[in-house]
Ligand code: TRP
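A single chain comes next, written as structure tokens; it is the form predicted on its own.
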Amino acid sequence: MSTPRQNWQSKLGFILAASGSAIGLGNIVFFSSNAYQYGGGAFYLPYFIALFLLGMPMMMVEFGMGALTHQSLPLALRRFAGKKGEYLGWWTIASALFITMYYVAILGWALGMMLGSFGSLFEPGVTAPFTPMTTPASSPNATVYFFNMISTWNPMVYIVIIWLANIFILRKGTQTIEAAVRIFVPLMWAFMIILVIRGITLEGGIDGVLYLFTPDLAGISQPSVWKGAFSQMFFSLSLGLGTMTAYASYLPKDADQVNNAMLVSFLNCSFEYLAGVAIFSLLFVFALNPAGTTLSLSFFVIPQGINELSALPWVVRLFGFGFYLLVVLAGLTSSISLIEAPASAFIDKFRISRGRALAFIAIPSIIGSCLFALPYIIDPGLSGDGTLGLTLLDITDHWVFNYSLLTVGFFEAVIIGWIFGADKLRAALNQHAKVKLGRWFEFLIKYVIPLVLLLVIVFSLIAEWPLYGSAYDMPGYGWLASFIPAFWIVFTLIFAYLLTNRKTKEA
């Protein structure tokens, strides 16, 4: 049975949903981790340039594809580039499903840490079944608590709760998504502002802010800084996942996509800057080292800083609960968009009900998410990730997240720039735009963006040798380092082939 095409109830609802999709775990912790890794102020100028050179133009492309066709990514790309375009769309959806599975697993851990804020997270004496952590901690230790948690089956329960929350929010499409983001997104901003105020009012907190915003000309000259900034921008705006095209497909054709893209991009980056201020103030106050990874920053470093915020236990617990509630809310606004992308694609392609589409996605995906939380200890010495689930997540995240988004972005730019025509898209966007796009837009889409993305992909692959994960001390599990990327590529290619060639009933 054909399902009527949905629409957003208001422009505000769409903006909140799209900005909520862009604002996620990466904005709160990954951006700060990258900024620290690449020298604070040295990261900001390249990142700001990436916003205008890469982020906004590609956001306009993805919004434009959805609004012009009123279709999700696979069928939208088919309109622009035929069957090969649809194939790319389904490959994008398949890769996004991999990301969704482990993203929800991380949200499950965040939910566990949130509940632990009123449990034993901020209490001494915790142990974990890993060699460095078998002695009871003499003071609250978030690292010990985290590894103790992931070595149990408890995260499986948290993962199911997160999936049920996503399905509940998505059950009526744009109607329930809009109702959720109207609550979640303002709460995220409120919590982040509170964290900023607390961070900069601590003694030494302003030093972290100055480090973050002080340009380092020597650092800016490093190619790695520019590579990190361009990669972070693409990931931060949720580009290359099919989410923005799906959300924009519920807009009227006369919507101003230039204005929408600019507004969502600025909201996303503003939230990131606020998060950077909050995180860097804590890092400098407590002389913490984020170790350059998302997981270490969010699950080890920040809770250790929160533990030292006050001598009053209830204040520490309240701030800890608030931070992880912020993480869970930000993660949910992103995960619902990650699930909506394939849901809208299945509804468009096979003309099935929303309930059937969500069931088709959720049942195997819940199993997949639980695989990333398997508590089997394969590395008790923690020379790698410790558990089988975290090892699977680490390797999958590295390959799928780092390469699928950039690859999709490259081919989207090629399709729009060289097959459909960047001039045609510019004309369509300008038709309802208050701020008109010049010919520079065509130049970016046809030449600059494909070249930049191709260079990032090629140089990243060159830097991968030896194969990522091969250095882990995982007796009996070393084969995962090569199996996981191979499985991802083969599975997604077959998935895309089958879905593209599947015959469907005409409307």
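Quick note: we count residues from 1 along the sequence shown, nothing fancier. Only a predicted model underlies this, so the values are computations on that prediction, with no experimental measurement involved.
Same protein, other form: the form predicted in complex with ligand TRP, not shown, and the subject of what follows.
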Next item on the list: Check whether L241 has any heavy atom within 4.5 Å of a heavy atom of ligand TRP in the predicted bound form, and answer yes or no.
Entry: yes
Check: Are any of the heavy atoms in F235 no more than 4.5 Å from a heavy atom of ligand TRP in the predicted bound form?
Finding: yes
Check: Does ligand TRP get within 4.5 angstroms of any non-hydrogen atom of A357 in the predicted bound form?
Finding: no
Check: Using heavy atoms and a 4.5 Å limit, would one call S32 a contact residue for ligand TRP in the predicted bound form?
Finding: no
Notebook entry, point to check: Is every one of A67, T69 and T245 in contact with ligand TRP in the predicted bound form, taking contact as a heavy atom within 4.5 Å?
Noted result: no
Note to self: Within 4.5 Å, heavy atoms only, which of L338, A413, L121, L390 is in contact with ligand TRP in the predicted bound form?
What the structure shows: L338
Note to self: Give me the residue from S298, Q257, S369, S334 that has a heavy atom within 4.5 Å of ligand TRP in the predicted bound form.
What the structure shows: S334
Note to self: Based on heavy atom distances of 4.5 Å or less, which listed stretch (5-13, 493-501, 18-26, 480-488) is in contact with ligand TRP in the predicted bound form?
What the structure shows: 18-26
Margin query: For a quick check, can you give me the residues of 88-116 that have a heavy atom within 4.5 Å of ligand TRP in the predicted bound form?
Written below: Y103
